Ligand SMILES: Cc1ncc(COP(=O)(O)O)c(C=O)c1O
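Encoded as C-alpha cells, the following chain is the form predicted on its own, with no partner shown.
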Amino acid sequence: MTLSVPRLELALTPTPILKLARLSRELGVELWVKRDDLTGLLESGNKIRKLEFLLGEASREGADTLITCGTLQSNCCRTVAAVAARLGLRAVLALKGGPPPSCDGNLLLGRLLGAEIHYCDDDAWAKMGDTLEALAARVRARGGRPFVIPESGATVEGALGYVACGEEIAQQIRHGAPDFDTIAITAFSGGSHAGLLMAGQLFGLRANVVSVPIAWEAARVREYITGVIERAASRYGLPVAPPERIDLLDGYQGVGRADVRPEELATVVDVARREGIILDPVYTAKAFGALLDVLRRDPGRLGRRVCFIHTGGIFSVFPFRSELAALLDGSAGNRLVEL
C-alpha cells in the first residue's frame, strides 16, 4: 500500500540498522539500533520524517513561512529552520524563555540558518495557540503566507512520518535485516509510536512496538496514540485501528523532558564509549537508559531481538558541556572508562 498524502521527500533514507555488539553480549539479547539520527539535513533525526508530510501540506497551501514553537534547544525548531533554508522559505520560531547569555546547540544553529526568533515569557508560552496565531497574523500583514507547525510536529500528518519509517523497516527486514521481536522508541506525545503501530497494520511489520514516555504520564500518551490512529483512519481512509494494548515502558519520566539527571548523562557517556553512538541527554538517553534497565532486570520481556530507534538530537549535548565535563573528569568518568 502507498500513502497517497502530499509529501516532500527530504530525508536521506533508508537509515541503517546496526547491531550493538558489546551491549548485546552483556545483556544476552540481540540489541540493534536504527540510526534515524542519520536522516541528513543537519542530522535532523525523526523530525525530518514528520516534516516531509507537514511540508507536503504547506507546499500544497502555497506557504512561504514556517512557524513553530519549542524550548530553546528544540530539535524540531532547528529542523524547521534547516528545512526552510533549504527550500527558500522563512522560519519563525517561538521559543520558551528569555534570551540566554550566549547561544549554543540548537539555538545557535537556528540563528545561523536565518530563523526569526521570538522569546516567550511564561504567559506567552501558556497561551501558545494565541502566540502562534499572532505571529501568523504578522506574517500575513507583511504579505506572507504562514504555515503553523505545532510543537514537535505533533499532528496526524507528523505521525505519518513514522508510518513511512515502519514501512522502511519492513522492507529492510525483507532484504535481510533481523525480524525484530520488539521495536522501541522514545515518546513525548506518542505520535511516532502511533505511526509505527499503523505501519504494522499496513505493511506487515510483526514487531511489538513499545515506547518510553519521558515527560507525559502513560495514560495521556496512550490517549494521544489512540486519537492519532483514529484521526488518520478517518482523514486518510487508512485501514487502521487502535490496538487493544498499547505497550509503554512506564515510570522513567524522571524530572521531565527539559531537565536531565546525572544518571541520564552517565548513559550518554556509557553508550558513547561502548558503541560509538551519541545519544541526546534530554530525549533518547532517557529512553535508552530505560530500555537497558528493563533488559537487565527481565531479559526475556521484549523477546530475543530488540531494535531501538535513535531519533537524533546530537546538538543537545553541547549545552550540557559543564555537567558532562564534571562527569568525565571525576571518579564516575574514570569508572565509565573501564566498562
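From 1 onward, residues are counted along the sequence shown. Everything numeric here is computed off the predicted structure, so don't read it as measured data.
What follows is about the form predicted together with the ligand, which we do not show.
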Does the ligand come within 4.5 Å of any heavy atom of E52 in the predicted complex?
no
Contact of F188 with the ligand in the predicted complex (heavy atom, 4.5 Å)
yes
Do T267 and the ligand come within 4.5 Å of each other in the predicted complex, heavy atoms counted?
no
Using the partner position in the predicted complex, report whether G312 sits within 4.5 Å of the ligand, counting heavy atoms only.
yes
Every residue in K34, D181 and N208 with a non-hydrogen atom within 4.5 Å of the ligand in the predicted complex?
no
So which of 131 to 139, 226 to 234, 86 to 94, 188 to 196 is the stretch with heavy atoms within 4.5 Å of the ligand in the predicted complex?
188 to 196
Going through 44 to 64 from first to last, which residues have a non-hydrogen atom within 4.5 Å of the ligand in the predicted complex?
N46, K47, K50
